[in-house]
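As structure tokens, one chain now follows by itself in the form predicted on its own.
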Amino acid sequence: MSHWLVAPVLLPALLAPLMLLFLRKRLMESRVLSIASCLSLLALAGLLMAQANDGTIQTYALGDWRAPFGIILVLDRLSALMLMVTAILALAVMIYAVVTGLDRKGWHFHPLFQFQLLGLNGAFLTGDLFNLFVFFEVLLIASYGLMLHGGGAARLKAGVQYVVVNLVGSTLFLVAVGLLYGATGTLNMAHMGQRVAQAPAGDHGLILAGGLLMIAVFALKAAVVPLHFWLPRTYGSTSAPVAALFAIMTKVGAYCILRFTTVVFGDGAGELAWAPAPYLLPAALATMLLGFIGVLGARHLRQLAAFSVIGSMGTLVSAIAVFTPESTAAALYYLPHSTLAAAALFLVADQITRRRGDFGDVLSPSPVFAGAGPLSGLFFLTAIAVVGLPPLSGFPGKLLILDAVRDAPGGWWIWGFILGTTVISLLAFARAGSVLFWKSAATTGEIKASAPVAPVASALVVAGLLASLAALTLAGGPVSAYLNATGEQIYEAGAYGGAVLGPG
């Protein structure tokens, strides 16, 4: 049992109260500690990914209380990948928040950021549903505080909606947990998978109801239609670095759909095998279409970025919903791409908004603003990433999904929706770019930046995110090999349960 496995949870859990109690009004020390924490988490994620790469599924029993009764953390290739994506995103967002001065607008930004990382890392590592609920609540509280950071009436209004929706989700989560516990007598996912396989036919209805309700909760977190309505206002109202960090939160929902379905309702579940699958694909296709139509109809730049998150989630979940090793590997290639591309788009939108003064993020012509030339290049590259065009990783990501689902039931529907929405998103970003840069170049007048922009440092953060997408393309061979092995491991019968519960 490697003690490194608990470090991604323990590090932010210790730093958050330390900052809150002793560094609340010491900004420089908080900044240094936060950036050091993000770098440490990145190093830990690399170490754990290297350990997971040999195919061994590691477990950590907190307090040495063994499964299925204790709190179990589980590390496999999938959870290691999610930790790595979270660490990369967190480092970029933290640097951007520091160089643009967002963390100056309140005393609790850095502790809340650490609590957010605690919830994210814990959700990706936990092996039971109750502690998944706990980490979800940590996420909710921290994300609410981060969303309101900096104040504003619009932000407060969107925050109330966000909290109400998530409290409803939390209530449904507890109801689903109660149904599943009542039918199986356990909350450990690996143990629950065994109990579902052995359940008498009379309990199948109760298990199915609990399982589908749980999937609905995860779909709410992932902003899958029709449970997406909270995301545009939430992501569009908060600050850009927080919205960029929130790009990983929808992936928590997608991760939980994949993990819960494969462990509890996998091939060994008998008559209940893959019970959630028929409901996921139609919802994913609707999410894809609605998201990118929202991108086309957006009248504000941050609204465009928010709807692009919904559209990309539809693409991701459509690949997951096929539930084969090949489609899952393709989805997992697209997952880090869509996360980092969305984050880059929110940060570019912030840089444009800061420079446009009273015009803000409205998609209408304005006089030429300072730095329009370099920003047009960053916007162009970010648009390429979000749309999924070469040479960045969205293009091979979509190709991998199309190839993986070609022979699957409903595969041609996925082909049609992905190709169609790619055209829609291309038109949407072409329109937005022409309004912001081409038409604005012909508009007379002067414009004054509305906020400090830290042009070089903030642009370097966005460039770093785009460079990571280019690296994902260049390292496509080794990355695909890792993800193919991840897909095989996820669907290997008894592998997860055997590692968590032991032989027998």
Partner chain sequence: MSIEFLVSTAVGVLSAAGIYLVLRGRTFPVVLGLAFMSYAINVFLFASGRLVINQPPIWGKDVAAYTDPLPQALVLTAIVIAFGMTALVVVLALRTYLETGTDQIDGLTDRSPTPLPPPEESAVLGPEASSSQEAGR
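Positions refer to the first chain, counted from 1. Predicted model only: the values in this text are computed from it and were never measured.
Keep in mind that the form predicted together with its partner chain is missing from the display, and what follows is about it.
Undergrad: Based on heavy atom distances of 4.5 Å or less, which listed stretch (339-347, 89-97, 325-333, 135-143) is in contact with its partner chain in the predicted bound form?
TA: Residues of 135-143 come within 4.5 Å of the partner.
Undergrad: From the list Gly182, Gly202, Gly416, Pro390, which entry has a heavy atom within 4.5 Å of its partner chain in the predicted bound form?
TA: Answer to the contact question: Gly182.
Undergrad: Find the only residue in Phe218, Phe292, Phe115, Phe265 having a heavy atom within 4.5 Å of its partner chain in the predicted bound form.
TA: The residue from Phe218, Phe292, Phe115, Phe265 that makes the contact is Phe115.
Undergrad: Does its partner chain get within 4.5 angstroms of any non-hydrogen atom of Gly178 in the predicted bound form?
TA: Flag for Gly178 set to yes.
Undergrad: Please determine whether Arg233 contacts its partner chain in the predicted bound form, using a 4.5 Å cut-off between heavy atoms.
TA: Flag for Arg233 set to yes.
Undergrad: Look up in the predicted bound form whether Gln161 has a non-hydrogen atom within 4.5 angstroms of its partner chain, and give yes or no.
TA: Yes.
Undergrad: Just checking whether Gly152 would be counted as a contact of its partner chain in the predicted bound form - the rule being heavy atoms within 4.5 angstroms.
TA: Answer yes; at least one heavy atom of Gly152 falls within 4.5 Å of its partner chain in the predicted bound form.
Undergrad: Please tell me whether the candidate spot formed by Ser434, Val456 and Ala459 is one where all three residues come within 4.5 Å of its partner chain in the predicted bound form (heavy atoms).
TA: Answer is no for this spot.
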